[in-house]
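Encoded as structure tokens, the following chain is the form predicted on its own, with no partner shown.
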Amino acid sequence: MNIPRPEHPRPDFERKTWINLNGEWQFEIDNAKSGLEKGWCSGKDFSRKIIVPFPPESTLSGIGEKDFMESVWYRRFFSFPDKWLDGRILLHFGAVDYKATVWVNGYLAGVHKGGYSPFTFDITELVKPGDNELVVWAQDDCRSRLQPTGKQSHRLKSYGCLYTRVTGIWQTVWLEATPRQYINYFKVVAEPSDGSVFMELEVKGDGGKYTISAEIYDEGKLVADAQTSLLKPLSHIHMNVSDVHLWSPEDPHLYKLLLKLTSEDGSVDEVSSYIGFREIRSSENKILLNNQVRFLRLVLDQGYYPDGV
């Protein structure tokens, strides 16, 4: 089966060990909000099929229900290589509108509120070799005035600048495998004036001393690298890139960034990303990009795609 949106959803934080969970899921509308009492969190076949990550209001989802859906359920099975059990297994959601409750094999994996933000659950202790059951309950009452809804219509039909609602899963869902000790987060500050690159990294998981290395590549050529060994969760790295190639709209040049964490047990976590060098500032009521004055002529491009909402 073809997987919709097959690309990695985080090109700025990408591991090679991942599985895309988009595609066909079981689906049920539960406006009575009684599914939990009926035991739908595990072992219940739902009567409909939906194509994730398209919301049920869209035709691409296979549902196309435009009425209010304050409660919907999703279910599917997944498997992964047995060797993943040697490390940590993370379950990622790009976005679920609005409150998501997630079970794996009948065990509660976690709850998340917020229809526009990504979230992750560590499901290492909940999974097993072979098939695993994943169930998601999404609650979305956009008429309650108790949750942010953006431009989703509070009426049955679209009006003014308020449009078709987006309920439940509407961004990619994926699994990711990491070692027991892994890179959880990092941020980069790239200084275009002298090519300095400052990095802060957070390491998470079991383990003691580790080594972090960072490498920057320009069109396949290594142009900067550094490493540090630490015991504490936070690491800081400083590098310098010579002959900086600046980023601009006309020439959106990016450098590849490769991060490696090597633990005392020899396990390696590898994350790829990218960085760019550019400076934006204001001076005398003017906007400057890389010290060049930019005249800004702006327009609101408000795209709407009815098939996928």
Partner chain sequence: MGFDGARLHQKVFETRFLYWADRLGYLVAGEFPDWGIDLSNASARDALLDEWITILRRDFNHPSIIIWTPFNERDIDADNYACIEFIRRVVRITKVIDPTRLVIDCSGWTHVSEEIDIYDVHDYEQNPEQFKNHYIDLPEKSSRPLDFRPQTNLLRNMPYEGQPFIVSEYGGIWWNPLEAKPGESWGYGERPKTIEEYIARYKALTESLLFNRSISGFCYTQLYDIEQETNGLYTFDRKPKVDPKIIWSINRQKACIEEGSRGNVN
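Positions refer to the first chain, counted from 1. Since we're looking at a predicted model, the values are computed, not measured.
The following text describes the form predicted in complex with the partner chain, which does not appear among the structures shown.
> Thinking of the partner chain in the model of the complex, which stretch from 42 to 50, 279 to 287, 25 to 33, 237 to 245 has heavy atoms inside 4.5 Å of it?
Result of the contact check: 279 to 287.
> In the model of the complex, which of the listed residues (W103, W84, F186, Y217) lies with a heavy atom within 4.5 Å of the partner chain?
The residue from W103, W84, F186, Y217 that makes the contact is F186.
> In the model of the complex, does L162 come within 4.5 Å of the partner chain, counting heavy atoms only?
Result yes; L162 sits at the interface with the partner chain in the model of the complex.
> Do R294 and the partner chain come within 4.5 Å of each other in the model of the complex, heavy atoms counted?
Heavy-atom contact with the partner chain at 4.5 Å: present for R294.
> Under a 4.5 Å heavy atom criterion, is F77 part of the interface with the partner chain in the model of the complex?
Result no; F77 lies far from the partner chain in the model of the complex.
> Is the gap between D67 and the partner chain in the model of the complex 4.5 Å or less for some heavy atom pair?
No, D67 is distant from the partner.
> Counting only heavy atoms, which residues in 135 to 152 are within 4.5 Å of the partner chain in the model of the complex?
The stretch touches the partner through R145, L146, Q147, P148, T149, G150, K151.
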